[in-house]
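Just one chain is shown here, as structure tokens, and it is the form predicted alone.
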């Protein structure tokens, strides 16, 4: 199957391969249509009975309507850290399974493909706002800032490790951000997010981060007008070496609710996804 996120300017569908899709960056400032592109990806994956969906949504907004189709959704830095650890163990278990059976790539017959949706990446890479608020009330700012920076660095390092290994073990990461800068998207993560969906952004530097160095000057920030919600550039697609111009479909709350009603029975429970250590995946002898 394929995930259709929108249309090219020649009206051909703008699609992503599924399953087995490379990791994806979705970038765009507020009002650019980023949520539409993100919801198209989630909605298409939700219809696949062989896909489990895990979310990290520290803004408590974007993924809430999908909650009944998600395996789990982390809404705090603590639960996000725990989910990243669980995913790392899942990937380790799957890598050992592949090695033990002489295989190089995960297939849905062994267990579900896993879509991990992170929105907003800047929140995951930053300090815990709840801890900062508590520190402000107690006056214990110094230790909280130091520990918070250390925790953020560990979190990003873990995410980078996941991204390097995940796809071969049946896990695709989609990271969304309003701030596609070098400070927010660590180099080790950026190189793994090979498919980039760039909606309207604020600067040439952000275009370079999304599409590659030099594109900021070649296309400029005016290539997507403010009034063109959903306008995008797609880069890194296996079939298109150069960025492709298109427009993301618009997805409203009613459409999300309808898709959730159709697919809620496909949600993988957390224990079925993560407790794989003592289980033999289906299809191992085929």
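Numbering follows the first chain given and starts at 1. If you're wondering where the values come from, they're calculated on a predicted model, not measured in any experiment.
What follows is about the form predicted together with a small molecule, which we do not show.
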- [ ] Answer for residue 65 alone: is it within 4.5 Å of the small molecule in the predicted bound form, judged on heavy atom distances?
- [x] no
Task: residue 254: touches the small molecule in the predicted bound form, heavy atom cutoff 4.5 angstroms - done: no
TODO: Find out whether any non-hydrogen atom of residue 248 is located within 4.5 angstroms of the small molecule in the predicted bound form, and reply yes or no.
DONE: yes
TODO: Although the small molecule is absent from this view, report whether residue 69 comes within 4.5 Å of it in the predicted bound form, heavy atoms only.
DONE: no
Open item on the list: in the predicted bound form, does every one of 30, 33 and 59 come within 4.5 Å of the small molecule, counting any heavy atom?
Closed with: yes
Task: Partner-proximal stretch of 226-234, 257-265, 43-51, 213-221 relative to the small molecule in the predicted bound form, 4.5 angstroms, heavy atom - done: 226-234
